[in-house]
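Single chain ahead, written as structure tokens, the form predicted alone.
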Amino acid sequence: MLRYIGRRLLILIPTLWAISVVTFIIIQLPPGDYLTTVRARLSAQGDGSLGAQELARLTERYGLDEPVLVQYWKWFSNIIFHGDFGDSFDFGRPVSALLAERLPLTITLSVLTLLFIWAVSFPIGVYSAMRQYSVGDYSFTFLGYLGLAVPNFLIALVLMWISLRYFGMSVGGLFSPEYRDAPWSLAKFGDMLAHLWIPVVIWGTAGTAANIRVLRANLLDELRKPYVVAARARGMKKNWMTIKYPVRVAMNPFFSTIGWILPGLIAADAITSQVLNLNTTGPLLLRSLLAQDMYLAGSILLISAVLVVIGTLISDLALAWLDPRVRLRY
């Protein structure tokens, strides 16, 4: 097991370096850059002297007039050795400060959404497999397909209308207007909890529906295998035997999908976050890409890609703990 963990950790180093290279290439692909946009805007405003000085300062700091390899090394080395992600051209602030404002909320919502996906999809998936073709199975199947088909932003609009129409609660953001600028208190915390369930349910809808279908299909396959038939023939109780053996094997997708669910939640649905007025990294990434704010966009993409690697590592370790075949293999 220790050899397996060591091997996975060693693979992280070249993987993270390759990710940084690919990320930098992606943000360099669009024609022009942010300075081109600034130059055009300043020229239209007739602010030539001040604009030229500012452009020269930015160009010198980030080496924008130097070869791409030099630009990459300045960007990558500042992140590794100094924790400096650069400055956002569009906001005029350090990227690290912008991420510090958005990441805590994004991570909180992501973790809660992941727990919501597991808590809802696990019992429903087990029930649908053990009660195949029942009324409940058909009902959950219909709701699952509905959750996969309906866009998240549309669900957000519907829930916002229901909350305002029937409960009189404004769901834009995570706080009511009277608590947005108020200091933290028990009342403000309760108001946040009253708003928190909406983005968690919306973000978790598609993931929950997908996990239900996967768990149901895997568990149905396990329930038809010879070892299950043999255990039932020896008199083992159906529910106890199902939970102890087939469900444990069928749960592999729950752990193996952490690698892509986690970064997907961190990046967040930009459109849904815009609809709900949430200060997450999704709208920030969208704005940075539209403005060609290369250091802000590159930092968010890099963090998302690193989360893919970390999530995959967590998935591998969890599968090694859950499935003895993985441990025996290494």
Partner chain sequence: MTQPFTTGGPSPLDGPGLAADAESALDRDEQELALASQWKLIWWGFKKHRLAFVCGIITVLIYLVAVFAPFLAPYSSSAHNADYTYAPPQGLNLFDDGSFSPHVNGYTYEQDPETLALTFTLDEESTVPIGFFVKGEEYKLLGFIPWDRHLIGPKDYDGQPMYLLGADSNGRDVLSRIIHGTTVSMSIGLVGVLLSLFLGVVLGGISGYFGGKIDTAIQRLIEFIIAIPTIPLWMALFAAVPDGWSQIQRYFALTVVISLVGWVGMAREVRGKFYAVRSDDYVTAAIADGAGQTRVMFRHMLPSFTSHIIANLSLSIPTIILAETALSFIGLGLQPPTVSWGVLLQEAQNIRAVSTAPWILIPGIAVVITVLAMNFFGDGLRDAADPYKN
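Quantities reported herein were computed from a predicted structural model and do not represent experimental measurements. Numbering follows the first chain given and starts at 1.
The next section is about a form of this same protein that is not shown, the form predicted together with the partner chain.
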Establish, in the model of the complex, whether I26, L157 and V275 all lie within 4.5 Å of the partner chain, using non-hydrogen atoms for the distance.
-> yes
Looking at A182, A194, V150, V201, which is the one with a non-hydrogen atom within 4.5 Å of the partner chain in the model of the complex?
-> V150
Which one, F175, W161, F76, F91, lies within 4.5 Å of the partner chain in the model of the complex by heavy atoms?
-> W161
Which of 95 to 103, 108 to 116, 137 to 145, 81 to 89 sits within 4.5 Å of the partner chain in the model of the complex, heavy atom basis | 137 to 145
Decide whether L69 counts as a contact residue for the partner chain in the model of the complex under a heavy atom distance cut-off of 4.5 Å.
-> no
4.5 Å heavy atom contact, L64 and the partner chain in the model of the complex | no
Contact label in the model of the complex: I314 to the partner chain, heavy atom within 4.5 Å | no
Partner proximity in the model of the complex: I271 to the partner chain, non-hydrogen atom cutoff 4.5 Å = yes
